[in-house]
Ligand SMILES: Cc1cc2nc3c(=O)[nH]c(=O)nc-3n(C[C@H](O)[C@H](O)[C@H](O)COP(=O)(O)O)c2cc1C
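In the form predicted on its own, a lone chain appears below as structure tokens.
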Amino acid sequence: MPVTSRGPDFSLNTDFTRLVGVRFPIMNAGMGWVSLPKMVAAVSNAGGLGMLGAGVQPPSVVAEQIREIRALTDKPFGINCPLALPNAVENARLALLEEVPVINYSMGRGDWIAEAAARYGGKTIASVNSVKLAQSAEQRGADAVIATGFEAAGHAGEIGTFVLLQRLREVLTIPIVAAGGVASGAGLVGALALGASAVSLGTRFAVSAESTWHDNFKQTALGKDVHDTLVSEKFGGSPNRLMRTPQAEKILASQLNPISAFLYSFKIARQMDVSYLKLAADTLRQGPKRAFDMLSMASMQRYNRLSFEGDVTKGTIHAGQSVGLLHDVPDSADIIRRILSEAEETMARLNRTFAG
């Protein structure tokens, strides 16, 4: 972990920082409804890579958010587009039109994004949770991958982050970003030692001043330990990690009500500014399993929305196992400063250990 200079102006030099043009190998995860312009700009201004969580928001909203980010920072930033979700392909096309510096895609093929972004000097990062997906992303032109391990919030993989990192370092030539279980400077050092070129922090930035999480959920998160998350296919069609809350436990013990989910999906379509017929056609086109997954995700949306209103008993929210490592609600710039300071302390401790 080479440090070019000491003090507040030092930078860390990795393949990732050189690729995207930032000072530090730290980025916030592109969390839908959570990683919005204020967080993105704060992370980028502090020397990391701020990532906008476009989620399923209408392109008109995302276009305004991109303009807001550019008004708040002149540093590199990115946008996350989960391609299998409604509005995501349109938002990726918008990002290309706007020449967003970094586009992070998941849940689909991104070769067309990589080709178009390369024409204006943009970079693409694919989120993956397996060796096969990572190799496919590199073959299809991704400039880097985010390796999402089992510890991560949301749709994580089956392999732990630090095992996945080591295996991907053996088979890839492009930079790897570690996601899942990292919330401190020690985590940054560990990830870099095992082959990562940067870290992506979701839960840590979700519990920050700029996060749109309701304060009730931020305070609830501070009372959780590392075992206080739940993983189930009931939380969105495929294995999905949530913070342990009364509603999450209730869903885990229940069965999906397809009729209720179907009816609620009309409201989801209105919120996303998507024609319900188009939404239904796109879902059915992907087959029965995908249709069931989408119904499951629609069922979860009502509970996710409650989390932003602060209803801890009825709401659900994504959180990784690193929630147990969080003890306060700092602003995003402080998170980056703290991680860098902790990383230096960790390196000093390791140097003393090896020096005997």
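Please read all numbers here as calculations on a predicted model, not as lab measurements. One rule holds for the numbers: they count along the sequence shown, beginning at 1.
Same protein, other form: the form predicted in complex with the ligand, not shown, and the subject of what follows.
Student: Give a yes or no on whether every one of M31, T148 and A152 sits within 4.5 angstroms of the ligand in the model of the complex by heavy atom.
Tutor: Yes: M31, T148 and A152 each sit within 4.5 Å of the ligand in the model of the complex.
Student: Counting non-hydrogen atoms within 4.5 angstroms of the ligand in the model of the complex, say which of A92, L164, L201, A198 makes the cut.
Tutor: The residue in contact is L201.
Student: Among 187-195, 225-233, 74-82, 95-103, mark the stretch whose residues have heavy atoms within 4.5 Å of the ligand in the model of the complex.
Tutor: The contacting stretch here is 74-82.
Student: Quick one: is S322 in contact with the ligand in the model of the complex, heavy atoms, 4.5 Å cut-off?
Tutor: Heavy-atom contact with the ligand at 4.5 Å: present for S322.
Student: Answer with yes or no whether W213 is in contact with the ligand in the model of the complex, where contact means some heavy atom within 4.5 Å.
Tutor: Yes, W213 sits close enough to the ligand in the model of the complex that at least one of its heavy atoms falls within 4.5 Å.
Student: Is V182 near the ligand? Define near as a heavy atom within 4.5 Å, in the model of the complex.
Tutor: Residue-level check for V182: yes, a contact with the ligand.
Student: Note that the ligand is not shown here; using its position in the model of the complex, name the residues of 331-349 with a heavy atom within 4.5 Å of it, in sequence order.
Tutor: Sequence-ordered list is empty.
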